[in-house]
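Next up: just one chain, as structure tokens, the form predicted alone.
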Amino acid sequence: MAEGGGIRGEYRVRRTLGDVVFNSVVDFFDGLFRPIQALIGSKRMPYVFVLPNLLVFVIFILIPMILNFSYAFTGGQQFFLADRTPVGGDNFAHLFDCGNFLDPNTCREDTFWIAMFNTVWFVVLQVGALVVVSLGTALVLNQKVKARAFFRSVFFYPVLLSPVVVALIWRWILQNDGLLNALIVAFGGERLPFLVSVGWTRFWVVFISVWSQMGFYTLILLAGLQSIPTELYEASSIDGANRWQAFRRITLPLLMPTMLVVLVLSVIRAVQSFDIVYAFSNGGPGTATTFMVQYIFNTAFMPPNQYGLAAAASLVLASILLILTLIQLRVGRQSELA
């Protein structure tokens, strides 16, 4: 009884302390916001709570966007905008000065077009592989398998890691005297040039990117799969439909809105790829894995620090992203209407 009374007494003490802390917090915010409410009225109070987020948006997004747009129409190596010389659209003309747009060697800024083509093949391969792998994994995890929660966490774990850490781990594994080559040699093979061969480096850049991001998109697709009523599958099985027919006639059509979300997010992220590639291959060998964001970074922050040219390239990239997103959303709306 004494022990029970001690536990109940301790619970009461903890509850009392919790109530004291809670009431103190409530009193603090009440004293803080009540004069503001009295000054501006209760109808305007929502703007007070939105204000911190709005300030973050203005300081870290809106103002840098305006500055970037202004830099795109200036020239010189000076950092401060007031010290730069207006050049109009010369930076854009420099980027698009090409004899043949399909041949980067005929372009005045050939590295820009090499990065552009590299970004295109990377987006096609990475997004295609990412969607297929994520969908396949979600379909498996949606089944009644043992330790399903464990496997969900395992597939999501790489998403929690820093992209730089992921890239450095894989670089250590794939280097000439790394773990993978050690295993190949142990089984009688020869070392492979994973980090100096163009083909191998491109393959591993896509593979590492898919491996590190698939868990996020798998969870999105899994949520979409679990929202599909099971009665539809039961009715289709009664009608004699096999698994492939149920997948094609039920799963895919009902999963298309979720697939569209995955496609838009993965395309935007693939176009903006920088951290993993920069830490893994630094755009090499040569310019084989130099993508648009790395080109912008190198142009701005490596000598001769062409801030205006980098800003113009970033606006081109933003325009491409906007067009791709609008096309994908339009296609999604048309598929929903159909």
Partner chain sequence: MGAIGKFLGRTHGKRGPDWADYVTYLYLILGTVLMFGPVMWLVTSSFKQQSDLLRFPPRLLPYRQEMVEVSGYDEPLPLYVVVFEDGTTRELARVRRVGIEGHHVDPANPEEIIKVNINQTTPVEQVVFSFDNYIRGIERFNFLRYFVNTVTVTAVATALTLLVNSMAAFALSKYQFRGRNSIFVLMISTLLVPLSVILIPLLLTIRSVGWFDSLIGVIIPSIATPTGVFLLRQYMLTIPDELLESARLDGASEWRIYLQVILPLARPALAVLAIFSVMWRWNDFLWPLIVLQSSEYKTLQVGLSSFSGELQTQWDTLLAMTVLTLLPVTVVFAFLQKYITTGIATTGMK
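In this text, the rigid core denotes the largest set of C-alpha atoms whose superposition between the two forms falls within 1.5 Å. Numbering follows the first chain given and starts at 1. Keep in mind that what you see is a predicted model, and the values were worked out from it rather than measured.
Heads up, the form predicted together with the partner chain isn't pictured, but that's what we're talking about next.
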Answer among 121 to 129, 155 to 163, 248 to 256, 231 to 239 for heavy atoms within 4.5 Å of the partner chain in the predicted bound form: the stretch 155 to 163
Distance check, T325 to the partner chain in the predicted bound form, heavy atom within 4.5 Å: yes
Closest heavy atom of V293 to the partner chain in the predicted bound form, within 4.5 Å or not? yes
Does any part of A270 reach within 4.5 Å of the partner chain in the predicted bound form? Heavy atoms only, please. no
Answer for A182 alone: is it within 4.5 Å of the partner chain in the predicted bound form, judged on heavy atom distances? yes
Using a 4.5 Å heavy atom cut-off, which residue among W172, F117, F101, F187 comes into contact with the partner chain in the predicted bound form? W172
Quick one: name the residues from 55 to 88 with any non-hydrogen atom within 4.5 angstroms of the partner chain in the predicted bound form. V56, F57, I59, F60, I61, L62, P64, M65, L67, N68, Y71, F79, F80, L81
Has the Cα of M302 moved 2 Å or more between this form and the one not shown, judged after a core fit? no
Can we say the CA of S24 moves by at least 2 Å between this form and the one not shown when the core is superposed? yes
F274: with the rigid core matched between this form and the one not shown, does its Cα shift 2 Å or more? no
